[in-house]
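As a starting point, one isolated chain is supplied in structure tokens, in the form predicted alone.
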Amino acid sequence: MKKFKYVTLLITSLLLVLTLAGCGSQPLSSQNILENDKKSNTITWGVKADQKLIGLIDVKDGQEKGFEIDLAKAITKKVLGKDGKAKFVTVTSQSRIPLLKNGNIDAIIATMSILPDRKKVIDFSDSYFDAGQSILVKKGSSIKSVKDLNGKTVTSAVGSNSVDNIQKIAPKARVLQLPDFAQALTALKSGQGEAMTTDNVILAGLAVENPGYKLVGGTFTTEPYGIGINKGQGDFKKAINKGLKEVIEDGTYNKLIMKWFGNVPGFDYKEVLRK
């Protein structure tokens, strides 16, 4: 009797597994993300939540706020209509592509530069922001441009392209690499470095939070940001690009630039306006 019950349980378990396998969701590559989003009336975006001006969770209400957040909302309404909803999932530089590939998010809008290596793995929209590397210094510093960094100590984050760029442009600069940008800023403020470098938009957020510091010298690299989209989603990519174009053409884009970057010390927001 016990043996019969065991065999029955085994057969039932096998049937359940086969049923679940047959009814499981389609592979991501065979899904039409645009159609799915139209049905749910929602686009799920991967965004940063720790960078002021770009994407930051407001501790007062728990809501994501920043330029990329507002831009994602505007594009969502262009793609899905005025009642379309933007849902946000927090990502990091390390997690954003895996989350996209796994289907946890539909698109990435998280300070991601359009790079050849990344384009081998995912697709990108047209550029939505003309980022570039810049320098953050204490107000009153003698450093006015990247070439003034020769003989000086510059802080940055480990593994960033910023370090390589500095070593090429100011080869006599000493680079102090820290685990992240927060620690790089702390090192600058404690006198371990005389300047900090990374993308201008990231430095802009730091400048707003630290009034004694400002950006100098403009940008000395070009690193356009793009919206990350899974390969094989041509319809979705076209819709995102169309939405972005409409947001630029109706003036919304420039309003968002001025809203978030119009009063940042040393940041010339006019350089990133779109016509």
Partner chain sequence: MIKLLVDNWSSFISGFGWTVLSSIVALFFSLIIGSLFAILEVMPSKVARVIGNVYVEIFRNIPLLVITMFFYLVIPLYVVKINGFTAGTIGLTIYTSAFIAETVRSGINSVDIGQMEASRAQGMTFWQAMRYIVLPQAFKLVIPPLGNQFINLVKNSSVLAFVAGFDLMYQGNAIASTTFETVNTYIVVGLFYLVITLPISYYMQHLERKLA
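Numbering follows the first chain given and starts at 1. Quick caveat: nothing in here was measured; it's all calculated off a predicted structure.
In what follows, reference is made to the form predicted together with the partner chain, a form of this protein that is not presented.
Peer 1: Is there a heavy atom of S142 no more than 4.5 Å from a heavy atom of the partner chain in the predicted bound form?
Peer 2: Output for S142 is no: heavy atoms all beyond 4.5 Å of the partner chain.
Peer 1: How about G151 - does it come within 4.5 Å of the partner chain in the predicted bound form, if we only consider non-hydrogen atoms?
Peer 2: Contact with the partner chain, no.
Peer 1: Hey, in the predicted bound form, does I114 get a heavy atom within 4.5 angstroms of the partner chain?
Peer 2: Result no; I114 lies far from the partner chain in the predicted bound form.
Peer 1: Can you tell me if D164 lies within 4.5 angstroms of the partner chain in the predicted bound form, counting non-hydrogen atoms only?
Peer 2: It does: once the partner chain is placed as it appears in the predicted bound form, D164 has a heavy atom within 4.5 Å of it.
Peer 1: So if I measure heavy atom distances to the partner chain in the predicted bound form, which of the stretches 191-199, 69-77, 127-135, 142-150 falls within 4.5 Å?
Peer 2: Looking at the partner contacts, the answer comes out as 191-199.
Peer 1: Need the contact residues for 93-124: heavy atom within 4.5 Å of the partner chain in the predicted bound form, sequence order, or none if there are none.
Peer 2: Counting only heavy atoms within 4.5 Å of the partner chain in the predicted bound form, the contacting residues of 93-124 are Q94, I97, P98, K101, D117, R118, V121.
Peer 1: Closer or farther: the C-alpha atoms of E194 and N263 in the predicted bound form, versus the form shown, with a change of 3 angstroms or more?
Peer 2: Pair moves farther apart in the predicted bound form.
Peer 1: So the Cα-Cα distance between Y213 and N263 shifts by 3 Å or more in the predicted bound form; is it shorter or longer than what we see here?
Peer 2: Farther apart, which means the C-alphas of Y213 and N263 are at least 3 Å more distant in the predicted bound form.
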